[in-house]
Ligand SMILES: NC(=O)c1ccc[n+]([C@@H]2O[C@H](COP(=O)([O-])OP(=O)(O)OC[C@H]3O[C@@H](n4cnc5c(N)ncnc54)[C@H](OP(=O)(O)O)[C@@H]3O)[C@@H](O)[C@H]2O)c1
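Have a look below at one chain only, the form predicted alone, in structure tokens format.
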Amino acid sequence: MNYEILPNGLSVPKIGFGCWKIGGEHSADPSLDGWSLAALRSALELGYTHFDTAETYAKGHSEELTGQAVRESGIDRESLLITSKVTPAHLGYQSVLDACAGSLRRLQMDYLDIYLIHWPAPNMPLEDTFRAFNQLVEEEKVRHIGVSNFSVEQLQRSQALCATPIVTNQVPYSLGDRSYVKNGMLAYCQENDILLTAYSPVAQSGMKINPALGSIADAHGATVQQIALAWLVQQKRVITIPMSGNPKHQADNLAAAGIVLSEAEMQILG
């Protein structure tokens, strides 16, 4: 397993497990519980240690199932890195505290490793948000703070308000989506020791835009999806959180962190 290690000592796997669609999408779907738990169990058995969920995923049911799978696995909680997110509707001081308490209750855990603002919102009360975040860190209910889908300006404002280093901005990034490269976010994160967590890392559009992708995959005895992931995580301060319920695909995703692309291949992919 390859890691990004930040100056504050936080070590995060290059490839984690995204929990969107675990337990449902925008609402809970108990008919998916068997599939969801099987997906989480196989991920844990394969050696995934970073699990990324949110209070809005399946209206909290994703957190419930993630916690259940961790407890049933018998794996030491301290060996895992659990991320969750607060919705933009809950960014007031008390609302953040209540939201975090709800996430911990659903996960049946004592703390979150990383807690993110899920989306920016107009007129965000960031002073209140970070007053609550800072309190949660002081109370050891949260170990590290991050954001998601933030612009450089919003990230800088968050840094000024956070008593501890902002550890990540989670954004869409893939071969087919370079919007957070174009807006300067990737360079800013790399220059400031902030992880850029790439979600939707193997969007199908990215599988089609570069005719060299297939030949590079063949040269490494890998799938095009693995090369797309390897391209991401070979970049400084970039990690990613693909999701799959298929154990074979989960193993392939995890193995992608070990694929070393040449400088020429990285340039060809762009």
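Fair warning: this is a prediction, and the values are worked out from it, not measured in the lab. Residue indices: 1-based, along the sequence shown.
From this point on, the text means the form predicted in complex with this ligand, which you will not see here.
With the partner removed from view, the residue among Thr129, Gln170, Ser158, Ser103 that has a non-hydrogen atom within 4.5 Å of this ligand in the predicted bound form turns out to be Gln170. With the partner left out here, this ligand still marks one of 129 to 137, 90 to 98, 68 to 76, 116 to 124 in the predicted bound form; by a 4.5 Å heavy atom cut-off that stretch is 116 to 124.
Using a 4.5 Å cutoff between non-hydrogen atoms, Gly60 does not count as a contact of this ligand in the predicted bound form. Contact check for Ile239: no non-hydrogen atom falls within 4.5 Å of this ligand in the predicted bound form. Residue contact check for Tyr199: one or more of its heavy atoms lie within 4.5 Å of this ligand in the predicted bound form. Using a 4.5 angstroms limit between non-hydrogen atoms, Gln154 is distant from this ligand in the predicted bound form. Of the residues in 142 to 174, those that come within 4.5 Å of this ligand in the predicted bound form through at least one heavy atom are, in sequence order, Ser148, Asn149, Gln170.
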